[in-house]
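As a starting point, one isolated chain is supplied in C-alpha cells, in the form predicted alone.
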C-alpha cells in the first residue's frame, strides 16, 4: 500500500491532493515574478512578463499563455483593491509523484498573491545597513527560479546582524548582487554595477535605474567590484521591485560617506519616481 503522511494523518497516495505533489515543492521546479503597483496602477508589467516568459522557456515549461497570465494578474489586482500592492506569482511544472524525470504532458500550476506593501519611508530617508555573504547560488541566476534557499540563508544571516539585505560575494571575491536586489556603487561621478551574465538576475528595477541615470548624468560602468571597493564608495544603494531605490549607509561594519543617503542617490530616487508617475 502506497501512502503519504500529512502532519500526523496517513492517507493513501491516490488521495493526496495535487498541492502536495507540486514539483515546485519537491524540486523548486518553477519560476516566479514579483511586480508592484504605484497609486493604483501596476508598474512595468510588460517588462516583468517578458522576463517571466524567458525564465519559463529556459527551463522548458510550456503550455503557458502569457496573455492569460497578464489577465490573471490584472484581475487579481483589481479585485484586491490595494493601491500600493506587491503581486507575486509563480508557475511550476505541475504535480506528480516525486521523480526527477518529468512527464512532458504535465499541466503547469499557477499561484498568485496580492498583498499590501510595507511602508519603506524610514529606510529611504535614513538608509539601510547591508552585510556580505558568500554566493552559494547555482550557475543560472539569470533564470528567476524558485530555487532560493541560498538567498533565504543569506537574508537570515543579514537579519541576525541587524542588516536589511545580504550582498553576495562570489568565489573570485567580487560582488554579484543582493540576495533580493541589484547592487550599485557610486564612485565620484561613476555609477557602477556588475554586468549582466548568467550569475546575475536581469533586474527590471536595475534597468529603470539605468534609465533614470540618463537625467542624472553619472558615467555608467558595468563592471564588478570588490567588498573593499564597496566599503570605500562615496555612495551605495540597492534596487528592488518592491522598494525601487534604497540607500545603503552601512556596508558590513563600514559607514558609507557621512552615514546618510548621498546626493546622487537622492537624485536617482527622484528621477526614478518621475518614471513611475
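Numbering follows the first chain given and starts at 1. Since the model is a prediction, treat every value here as computed from it, not as a measurement.
Although not depicted, the form predicted in complex with another copy of the chain is the subject of the following passage.
The chain is drawn here without another copy of the chain; in the predicted complex, the stretch among 24-32, 212-220, 226-234, 41-49 whose residues come within 4.5 Å of it by any heavy atom is 24-32. For the three marked residues, 92, 109 and 150, a heavy atom of each sits within 4.5 Å of another copy of the chain in the predicted complex. In the predicted complex, at least one heavy atom of residue 6 sits within 4.5 Å of another copy of the chain. When another copy of the chain is considered in the predicted complex, residue 59 lines it closely, a heavy atom lying within 4.5 Å. At the 4.5 Å threshold, heavy atoms of residue 196 stay clear of another copy of the chain in the predicted complex, well away from it. By the criterion of a heavy atom within 4.5 Å, residue 126 is excluded from the residues contacting another copy of the chain in the predicted complex. Though another copy of the chain is absent from this view, in the predicted complex it lies within 4.5 Å of a heavy atom of just one residue from 145, 203, 131, 176, which is 145. Shown here without another copy of the chain, the chain has 135, 136, 137, 138, 139 in 124-139 lying with a heavy atom within 4.5 Å of that partner in the predicted complex.
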